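Only one chain is shown below, in structure tokens, and it's the form predicted on its own.
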């Protein structure tokens, strides 16, 4: 589903060049729950942003579902993200003045192939899935951190994306709520065969992943199932 070839990202800070990604080559299969792990500054979030078309690599190639995404123009990338990709961020990124239902509905409302009735039905269905239908008319500030992150997951899933990207989704949660969120990811992965690519620095999260790649200084230093190097 995702083919990454010799991906590089160089940031320039004055006269200094920082190799955030230094020749990453990787394949990600459909239905895989992949964990990207490593120390702070290893390139985890940079790689996720490249794969999610939120930033552009300096060089290299990314192919998603047969599409060379580097050849897409800005409009085509926007449409690709809208129809194919979903995102969950560590800070939830909910719109504070919109209700839970309205937040979840936002991505579906942007699609031209959805009626208002379809958007509402799809949003209600995904809120049922995460167990927050009774909170659909509440504002984000009226929810706990764990509930807000579950709403963020619902919003990411409402368009039924091919790939779900999650950037440290448990970073602001305690252990109990982190486990609830990860259990939800696992359930989504197993029930819908959902491809999930998740960045994490918490070692115990590895128990949820099918496969883990570990980065250091922008390079893959290990790649294996359940944290075991291949």
Partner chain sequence: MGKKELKVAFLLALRSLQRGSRSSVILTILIIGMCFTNMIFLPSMFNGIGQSITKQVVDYEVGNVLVSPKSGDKYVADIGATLDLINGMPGVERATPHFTKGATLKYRQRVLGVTVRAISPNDEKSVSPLYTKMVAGSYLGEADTGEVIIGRPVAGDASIRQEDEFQASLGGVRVGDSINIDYGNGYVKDYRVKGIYFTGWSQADSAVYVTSTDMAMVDPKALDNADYITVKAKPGYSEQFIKNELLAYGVGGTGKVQTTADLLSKSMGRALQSFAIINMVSLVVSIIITTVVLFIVITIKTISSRKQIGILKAIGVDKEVIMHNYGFQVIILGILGIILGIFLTLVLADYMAYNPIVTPEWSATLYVTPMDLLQNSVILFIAAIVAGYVPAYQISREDIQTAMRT
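Residue numbers count along the first chain shown, from 1. Since this is a predicted model, take the numbers as computed values, not measurements.
Just so it is clear, the following notes concern the form predicted together with its partner chain, a form of the same protein that is not shown.
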message: I have 148, 189 and 192 flagged as a candidate spot, so tell me whether each of them has a non-hydrogen atom within 4.5 Å of its partner chain in the predicted bound form.
response: no
- prompt: Which one of 54, 26, 171, 180 is close to its partner chain in the predicted bound form, taking close to mean a heavy atom within 4.5 Å?
  reply: 54
- request: Would you check, heavy atoms only and a 4.5 Å threshold, whether residue 71 touches its partner chain in the predicted bound form?
  value: no
- prompt: Does its partner chain come within 4.5 Å of any heavy atom of residue 107 in the predicted bound form?
  reply: yes
task: Mark residue 121 yes when one of its heavy atoms lies within 4.5 Å of a heavy atom of its partner chain in the predicted bound form, and no otherwise.
output: no
query: in the predicted bound form, does residue 143 have a heavy atom within 4.5 Å of its partner chain?
result: no
field: Residues from 1 to 16 in contact with its partner chain (non-hydrogen atom within 4.5 Å) in the predicted bound form
entry: 11
